[in-house]
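Presented below, as structure tokens, is a lone chain in the form predicted on its own.
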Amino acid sequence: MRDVAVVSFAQAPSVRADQLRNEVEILMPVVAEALGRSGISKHEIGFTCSGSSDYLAGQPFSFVMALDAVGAWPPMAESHVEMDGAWALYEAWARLQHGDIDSALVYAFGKSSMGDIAELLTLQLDPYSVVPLWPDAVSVAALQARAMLDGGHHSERDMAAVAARSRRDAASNPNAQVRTPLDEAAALAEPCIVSPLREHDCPPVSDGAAAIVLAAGERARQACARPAWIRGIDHRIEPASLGARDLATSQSAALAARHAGALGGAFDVAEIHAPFTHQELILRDALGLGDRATAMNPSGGALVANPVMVAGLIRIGEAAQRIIDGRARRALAHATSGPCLQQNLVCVLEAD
């Protein structure tokens, strides 16, 4: 396998609704910052891959419009995934394995504020047996949370502790959207939105964008003094039918972790893509983290900033940035997509 590393990362601050800028205007400074930090010019980039969703933009092939943020002239090698940007990074990593190019630009964008995101995500469910019932995303997540609690794996107090820690960490993250401190006892006294989920258990509606530059071999060392090398990466998927899998566990996350080489050794930091508090608890068990990560979601995670189609790529970027800055030597990053942790990607990052 060819050595590939994250050499730069940039993101836009997540906000509740960016009413003054469209996707291209949000993306342009982010892409420029990522390229500027890498020292690799736009014309040197061998491959470009993006992650987004036409459903969020409300128009087909919306990613074509976003190419204006990159600059589509002169012609370039470009691809797109209708997924979180973490899967675009996986495609770019695979493309770099071919050996004919040395760098790639990955970016993702999403404006969740333009519609009712909880209702919109219903459309990813089974179109024949589930969508006609129209369960919103929070209600579907509540089914998973109830399955976890009834299985005796964790408690509502554990969920509140995740939310409180995420808020504390968000206080030092300038890109976080929600920074209001949370008292665990007071949080548990709040009414449920959909039992057993309370407001603090759910992600905010966010607009945002992120970009990562990948480079291979010596080009990575030239671009960055301390590259974050991708030592393992894998993604797995489970049945779309909620009744065909155990919602209280995540077999796909566990399988992806095993194939990415994430089950051995300790991590200095773990950035886990868990939009709901109970999902972090499920993922920590599935990934076998326990006490193997000294810092869990130090950015605050998706509970404090959740731009759909971007939050997973941000997890990889946040983990990589800690290695680039010298704050960590080994990190685990995770991204998810689909209802109830249906699809999971695990990425292991290390310094030299």
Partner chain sequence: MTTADADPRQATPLTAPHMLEYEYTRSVGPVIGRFFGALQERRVVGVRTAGGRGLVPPQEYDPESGEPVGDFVDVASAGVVTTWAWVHAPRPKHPLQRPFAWALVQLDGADTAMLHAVDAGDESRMSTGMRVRIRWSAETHGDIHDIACFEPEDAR
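None of the values given here were measured: they were computed from a predicted structure. Numbering follows the first chain given and starts at 1.
The discussion below concerns the form predicted in complex with its partner chain, not included here.
Student: Do D169 and its partner chain share at least one heavy atom pair within 4.5 Å in the predicted complex?
Tutor: Residue-level check for D169: no, no contact with its partner chain.
Student: I'd like to check something about L133: if you look in the predicted complex, is any of its heavy atoms closer than or equal to 4.5 Å to a heavy atom of its partner chain?
Tutor: Yes, L133 sits close enough to its partner chain in the predicted complex that at least one of its heavy atoms falls within 4.5 Å.
Student: Taking heavy atoms and a 4.5 Å cut-off, does D150 contact its partner chain in the predicted complex?
Tutor: D150: yes, in contact with its partner chain in the predicted complex.
Student: L247 versus its partner chain, in the predicted complex: is there a non-hydrogen atom within 4.5 Å?
Tutor: Close contact exists here: in the predicted complex, L247 approaches its partner chain to within 4.5 Å, heavy atoms only.
Student: Counting only heavy atoms and a 4.5 Å cutoff, which of 236-244, 91-99, 221-229, 272-280 contacts its partner chain in the predicted complex?
Tutor: Flagged stretch: 236-244.
Student: Just one of S79, T180, S195, S155 has a heavy atom within 4.5 angstroms of its partner chain in the predicted complex, so which one?
Tutor: Only one listed residue qualifies here, and that residue is S195.
Student: Could you spot which one of A142, A187, A163, A260 gets a heavy atom to within 4.5 Å of its partner chain in the predicted complex?
Tutor: Exactly one listed residue reaches within 4.5 Å, namely A142.
Student: Using a 4.5 Å cut-off on heavy atoms, what residues in 109-126 are near its partner chain in the predicted complex?
Tutor: D116, A118, E119, in sequence order.
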